[in-house]
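Below you will find one chain, with nothing else, as structure tokens; this is the form predicted on its own, and questions on how it binds or moves follow later.
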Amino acid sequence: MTQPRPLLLVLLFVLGGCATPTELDIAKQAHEVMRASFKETGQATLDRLNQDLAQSACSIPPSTSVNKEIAATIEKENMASIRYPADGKLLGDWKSGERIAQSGVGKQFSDDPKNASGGNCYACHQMSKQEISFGTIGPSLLGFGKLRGNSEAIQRYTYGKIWNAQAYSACSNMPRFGHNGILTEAQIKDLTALLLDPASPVNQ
């Protein structure tokens, strides 16, 4: 993650009518409180408090009213950050993808950083008919590939959405898995296959 650009944010939000100077002051004070109280432990280091433009913009209340110009800027910057596989292959193994989707380990101070992180997708989405417990923060993904097909354009969209959701929807609650190094390229290929492969439980 990169440091925020305070002057740019002030111009975007105050001139854009999305936040008052008071709201900006409150956001700045909140950030200072978090930095003062956050204690580094293991892989959970202070650099996690550094925000890029998207994080800063979406953290200033009310984030739900980010205007179209700012949203377009966020999406354009994040779209440019997506790194598609050099080999051109976007689909991996859906069975591996299912294991990644069900795993919530990784990036916590108590996790070994040498081990692969999981996607914890079931915390926000329903992904199979067999699941009796799943999150509802995100939409159901049942039939994702069945509804959309498996064209190259859909593969690129799905891979890109997992890599960096804010490229498609500014201030999305979905983690930017590739952008923030949570998941590897191979893992994102496997998740893309989980969503699109006709044999995957997502599409049954």
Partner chain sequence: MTVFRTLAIAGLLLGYAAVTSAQSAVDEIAKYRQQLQDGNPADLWEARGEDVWKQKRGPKGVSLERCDLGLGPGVVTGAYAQLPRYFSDADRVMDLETRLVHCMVTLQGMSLADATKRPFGSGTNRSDFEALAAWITAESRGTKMNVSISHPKEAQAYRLGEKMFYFRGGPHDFACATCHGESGKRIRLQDLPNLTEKAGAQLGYTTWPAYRVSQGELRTFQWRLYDCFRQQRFPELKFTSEASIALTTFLAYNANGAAFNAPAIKR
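Quick caveat, the model's predicted, so the values are computed rather than measured. Numbering follows the first chain given and starts at 1.
One more form of this protein, predicted together with its partner chain, exists but is not displayed; see below.
Screening 41, 140, 67, 151 for any heavy atom within 4.5 Å of its partner chain in the model of the complex leaves a single hit, 41. In the model of the complex, residue 26 approaches its partner chain with a heavy atom inside 4.5 Å.
Although the partner is absent here, residue 161 sits far enough away that none of its heavy atoms falls within 4.5 Å of its partner chain in the model of the complex. By the criterion of a heavy atom within 4.5 Å, residue 184 is excluded from the residues contacting its partner chain in the model of the complex.
Under a 4.5 angstroms non-hydrogen atom cutoff, its partner chain in the model of the complex has residue 133 among its neighbouring residues. Contacts with its partner chain in the model of the complex, taken as any heavy atom within 4.5 Å, map within 174-191 to 175, 176, 180, 182.
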